[in-house]
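Listed next as structure tokens is one chain, alone, in the form predicted alone.
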Amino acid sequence: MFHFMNCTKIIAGEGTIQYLPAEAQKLSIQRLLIVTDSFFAESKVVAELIDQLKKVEIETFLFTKVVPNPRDIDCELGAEYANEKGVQGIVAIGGGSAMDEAKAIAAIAANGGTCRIWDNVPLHKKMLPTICIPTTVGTGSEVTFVSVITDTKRHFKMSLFDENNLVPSLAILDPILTKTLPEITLASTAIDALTHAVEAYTSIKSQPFSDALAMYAVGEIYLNLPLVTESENLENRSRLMYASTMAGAAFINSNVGAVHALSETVGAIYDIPHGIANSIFLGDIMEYNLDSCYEKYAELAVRMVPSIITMPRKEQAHQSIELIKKLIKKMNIPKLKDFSQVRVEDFDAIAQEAVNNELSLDNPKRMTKAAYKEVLEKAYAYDE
């Protein structure tokens, strides 16, 4: 038995951000909080959006305390600000940090309390109506009912999770918004989406509907990411963005595994952006998992490169890892050693924290502290 949830309305295509005012009206929102980072808040996109909202008599307020690996203190300040202004809905514009923070703000504004109080505890009420407008191609947060927030006291990533009360009302997927992304951000967020898809497909909780979305997403990301970094083609950007959303819908239903358990831990301790952390560990953990999911890795390899369909299954499985490692290398994403705050002497504690992360339980192969430490050491030694 399994169940599959996807309750977020999706509007997708070039220029679809123009539909926000009408959609906000449908949700009976007259006072709206826009959650975005300080850079995007100054953009022409946000200025034009605010102007369009004013034309339909929707009053807007800006909250710009958004940073990578969003923090509990900022979410709680945002909820206080939202209630102070009497807002009736939230719009998130940005990457996963903006969307996760917006969902946490919407949840706390409606339910009271703090992020820590609602960590893995069902909400009492539905969060404020929330519209997510991603500007990256990675997190899938626009369709997930989870908000991953850094506990600034415990240096730990906690999760607000509720499949009924933490569901975004609408996701607007406009590929035009990705055109100003720095290449490193585009690449690392796309590998984040790839990680979602690979882990969703190989999770012990995988199921047919999530498998279909995950497999499709892997092929689309593998094909379109190199093309997007080489040209301004909006068709490739569209396909990459849609694949990211599909990967989000897949993993929220089947969960992720050891890559995320480790990247969340490293992200909370060292403040390494989530997509980069996933990029650092994906290949090595796929190698560790190989003997537990040959068939599924083989399927992914064929999805990425259909011409290898006649290759023996075990060779296809090995190929899936090599193809993904080569893709990550081609994207020039920073390595673990590139972050000066990383200390080898921390690896023992990081490995233990990763084992304690419940995401480890859904990995296709049992993870141990020693296994995590070996992955960390291997990633740190990698200097090509």
Ligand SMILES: NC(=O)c1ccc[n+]([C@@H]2O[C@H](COP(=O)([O-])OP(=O)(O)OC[C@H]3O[C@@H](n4cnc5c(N)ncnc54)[C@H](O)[C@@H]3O)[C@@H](O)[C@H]2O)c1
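Since the structure is predicted, the reported quantities are computational estimates derived from the model, not experimental observations. Position 1 is the first residue in the sequence shown; the rest follow in order.
Beyond the structure shown, there is the form predicted in complex with the named molecule, which is absent from this document and is the topic of what follows.
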item	value
Option from 203-211, 73-81, 295-303, 130-138 whose residues, in the model of the complex, bring a heavy atom within 4.5 Å of the named molecule	130-138
Contacting member of 253, 147, 265, 195, with respect to the named molecule in the model of the complex [4.5 Å, heavy atom]	147
The unique member of 172, 215, 109, 177 whose heavy atoms fall within 4.5 Å of the named molecule in the model of the complex	177
Residue contact check: residue 69 to the named molecule in the model of the complex, 4.5 Å heavy atom	yes
The named molecule contact at residue 189 in the model of the complex, heavy atom, 4.5 Å	yes
is_contact(residue 40, the named molecule) in the model of the complex, heavy atom dist at most 4.5 Å	yes
Interface membership of residue 185, the named molecule in the model of the complex, 4.5 Å heavy atom rule	yes
Sequence-ordered residues of 85-122 touching the named molecule in the model of the complex, heavy atom within 4.5 Å	95, 96, 97, 98, 100, 103
